[in-house]
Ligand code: HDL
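Next up: just one chain, as structure tokens, the form predicted on its own.
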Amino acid sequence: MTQPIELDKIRNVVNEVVEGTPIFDIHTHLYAPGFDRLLLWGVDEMLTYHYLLAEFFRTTPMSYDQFWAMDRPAQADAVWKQLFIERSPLSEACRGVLTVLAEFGLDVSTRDLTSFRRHFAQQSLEKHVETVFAHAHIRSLIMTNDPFDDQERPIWEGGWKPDAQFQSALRLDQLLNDWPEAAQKLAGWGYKINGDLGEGDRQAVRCFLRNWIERMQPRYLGVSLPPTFTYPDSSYCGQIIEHCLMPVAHDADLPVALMIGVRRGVNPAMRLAADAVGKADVTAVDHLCRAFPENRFLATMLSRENQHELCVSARKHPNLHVFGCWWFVNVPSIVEEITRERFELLGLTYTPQHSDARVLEQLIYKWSHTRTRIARVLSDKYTDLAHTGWPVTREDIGRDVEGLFGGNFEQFCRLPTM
């Protein structure tokens, strides 16, 4: 065994290891450069990210229609004026923009949006992707890929393949949450669909899933679900899960990622910023894990109130892997609370975070801010451990952090090397 770390040096070693360990970001809304305009990047995209828009609409008498009628630079100008110039940018989303700008060596004290735009306009996309990955210390990420998206589907049908840097996840929200609409689309693509979800429809859905698994080579099958989600359930959603999703995922040896708790379209005029959160029923996850013990499940929940119960459920089901502080709980104060709770209940058998980034440069701030919180919690936990007399070594910390930053996920999912 290597020499234990002295008690007063544990925090410094943890900070060094956490900062130096590359990350496998297991859930994003980013796209590879081959997806062209679907990959969002640059300061205007950061400023018009829906987290900031929800905050912006609280500050202005401007109507929604008036705002959406403006082009992207004008929208960004309005957000910059309201959230950064007329008010101090204290929110996590605002601070994130400044973290990114500062990381690129830009002087945020100038408050000069024009100069910031000039910097991004000078970048070539391919090189910029490499630069962002380097700054965020990302070794790989997983996209969110939706075959029901009319912009995205043709790219896959044209033969695009994932690689080691941009991996895929097959997203199935419309299939599970809006069967009538999904049935119409499947029928239009040539699948034999009646719409009643009888055995003929189930066979067609299973065929659709197998076809897209072969095409996308996803790391998991994912779905976001409302807080009202329950299982077992005789609804279309419940039937598709039981008769289509679970058997296909089992045969393909793919986990199913459940992201539960989003209330869609609470204020539709805000578009992507329209969604809210609701407390969900964690027993639905218990029932799925018990009903399908040979399937594997990834789970994250949107409500802070669900986090403790989800941890307890994960202690009871080895086929359940908890991951990430998703969306509305991805703010530093709550991230730290949840991360402490998970270490105390699950040890090192989970994945503490994913970025959920929708704009390329967000990888920088989301992981920079997250590393700080994870390092703080880990330092406290290793210090507690050392106080018992247990030796804490750099090698142990390095092994543990590699697991937390992607290795645990890869082991749980039994991922092959790309």
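Note that residue numbering begins at 1 and tracks the sequence as displayed. For clarity, every value in this text was computed on a predicted model and none was experimentally measured.
FYI, the form predicted in complex with the ligand isn't displayed, but the following is about it.
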- Query: Can you pick the stretch from 104-112, 228-236, 148-156, 322-330 whose heavy atoms fall within 4.5 Å of the ligand in the predicted bound form?
  - Reply: 322-330
- Interface residue in the predicted bound form among 259, 138, 79, 335, criterion: non-hydrogen atom within 4.5 angstroms of the ligand: 259
- Message: I need to confirm a contact call. Of 171, 296, 342, 219, which residue comes within 4.5 Å of the ligand in the predicted bound form, counting heavy atoms only?
- Response: 171
- Query: Would residue 369 count as a contact of the ligand in the predicted bound form, using a 4.5 angstroms cut-off between non-hydrogen atoms?
  - Reply: no
- Query: Taking 4.5 angstroms as the cut-off for heavy atoms, does residue 35 touch the ligand in the predicted bound form?
  - Reply: no
- Item | Proximity of residue 49 to the ligand in the predicted bound form, heavy atoms at 4.5 Å | yes
- For residue 264, is any heavy atom within 4.5 Å of the ligand in the predicted bound form, or not? yes
- Message: At 4.5 Å, heavy atom to heavy atom, what parts of 74-102 sit next to the ligand in the predicted bound form? List them in sequence order, or say none.
- Response: none
